[in-house]
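Presented as structure tokens, the chain that follows is alone, the form predicted on its own.
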């Protein structure tokens, strides 16, 4: 109880409240601009967090991500250009409603059910994370090894449309993670004589380069085309809330549950949650023929799901230190910088910090409704901002952020290298998310594997001797087995015609 009271004291300060409000507006602005993802918004905030205390720093990133995920629905509905990948699953459906003159209905549904989904995922986080942390205290290197492999598996097969390209991206990330001094001998590995690279690849410039700089390059390569705007007058978004809530409560609840479950899986994230929920909604709908013609049912379920997954993705991040998605991967880096090493001990030694993060989650989702209404009103003006002005501003933010990570030009060089890498990856339809997770989880896989082998004197049996480790190994085998079986079955059906 003392920890909860202390958490209220930590949050109820002007610096925290002003930071959360500013981050909310920033997230809404970035999310509402097509092509600028929630991950990019979070990455751009990282340099500013260096100058903040831990609570406002984490609060800013939590709020920014939640707002950006919702705001991605706005250009999706008005222009059929999803602001973030998490909105892509139902952008066509939302745009079809706008063309029928129902923009206020679909945007009202997006803000209402996004806020409810975020609150649902937050309450799951509040109740599930402390209980899981107690279990995680009994974990040893074997369990963490299997958890890390489970995260990498989900990154490849759940987070990527093509498993082969997802695997390529993951291997790139794992290779980057091997740069530095090897474990345990401390021999330089892939450093090419550079003293800076002996400490490994700095996570922050790599993130900024992969997400933000690559987007700037892509826009420049395309000649910074203007947005294709559609004239529409957005009316009262609150008018249909009562009817929508009573009519679509089942879809909203199912979307919340699906999004929360997917968010807890390491490596899945809001994008996967939205696609799965939209497909589930169509599968169980009584009027599946209306999907694709401007039907609200799938939008409600998918938009509930992506915001619910955003909150629940913090469960593996806080409890095990394994990111649930790319956003929590970035936030984990900030937690380390602030001395708040994620893991079960965080719940023991800094419970007030954990509860403060939970309170900020709730505050962010409540703020989403008034601020979301404001941004919807201003959306048409935001979407008129020319890319030729926007992209140089973003690039300046990137350079400042990369330099601030270690106060050296080395950070800027890293950022540019990873920017080029990200550009070529996306030009060849290779997803970036598995690469990010490879960079984050790779050191954990290596460290736990080496530690386990040293403890067991080289015996591989120790990886399955502990009960929880054996269960995690069985889950991993089942996932790989089911994937291989479905592939073989698909090939056989194609062969037989």
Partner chain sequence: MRLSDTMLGAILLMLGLAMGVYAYGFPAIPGQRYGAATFPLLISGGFVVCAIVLLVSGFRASPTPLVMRTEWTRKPGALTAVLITILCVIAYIVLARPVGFIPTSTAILLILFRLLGVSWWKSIAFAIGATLLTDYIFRTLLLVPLPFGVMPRMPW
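Small disclaimer: the values here were computed from a predicted structure and weren't measured. Numbering follows the first chain given and starts at 1.
Below: the form predicted together with its partner chain, not depicted.
- prompt: Is every one of 189, 395 and 420 in contact with its partner chain in the predicted complex, taking contact as a heavy atom within 4.5 Å?
  reply: Checked in the predicted complex: all three residues contact its partner chain.
message: Considering non-hydrogen atoms and a 4.5 Å limit, which listed residue (374, 199, 164, 348) is close to its partner chain in the predicted complex?
response: Checked against the cut-off, the match is 164.
field: Contact residue in the predicted complex, chosen from 368, 212, 415, 330 - any heavy atom within 4.5 Å of its partner chain
entry: By the 4.5 Å heavy-atom cutoff, the listed residue in contact is 415.
field: Among 23-31, 464-472, 55-63, 443-451, the region lying within 4.5 Å of its partner chain in the predicted complex by heavy atom distance
entry: In short, 443-451.
field: is_contact(residue 92, its partner chain) in the predicted complex, heavy atom dist at most 4.5 Å
entry: Judged by the heavy-atom cut-off of 4.5 Å, residue 92 is well away from its partner chain in the predicted complex.
Its partner chain contact at residue 182 in the predicted complex, heavy atom, 4.5 Å: Output for residue 182 is no: heavy atoms all beyond 4.5 Å of its partner chain.
message: Just checking whether residue 123 would be counted as a contact of its partner chain in the predicted complex - the rule being heavy atoms within 4.5 angstroms.
response: Because no heavy atom of residue 123 falls inside 4.5 Å of its partner chain in the predicted complex, the answer is no.
task: State yes or no: in the predicted complex, is some non-hydrogen atom of residue 403 no more than 4.5 angstroms from a non-hydrogen atom of its partner chain?
output: Because a heavy atom of residue 403 falls inside 4.5 Å of its partner chain in the predicted complex, the answer is yes.
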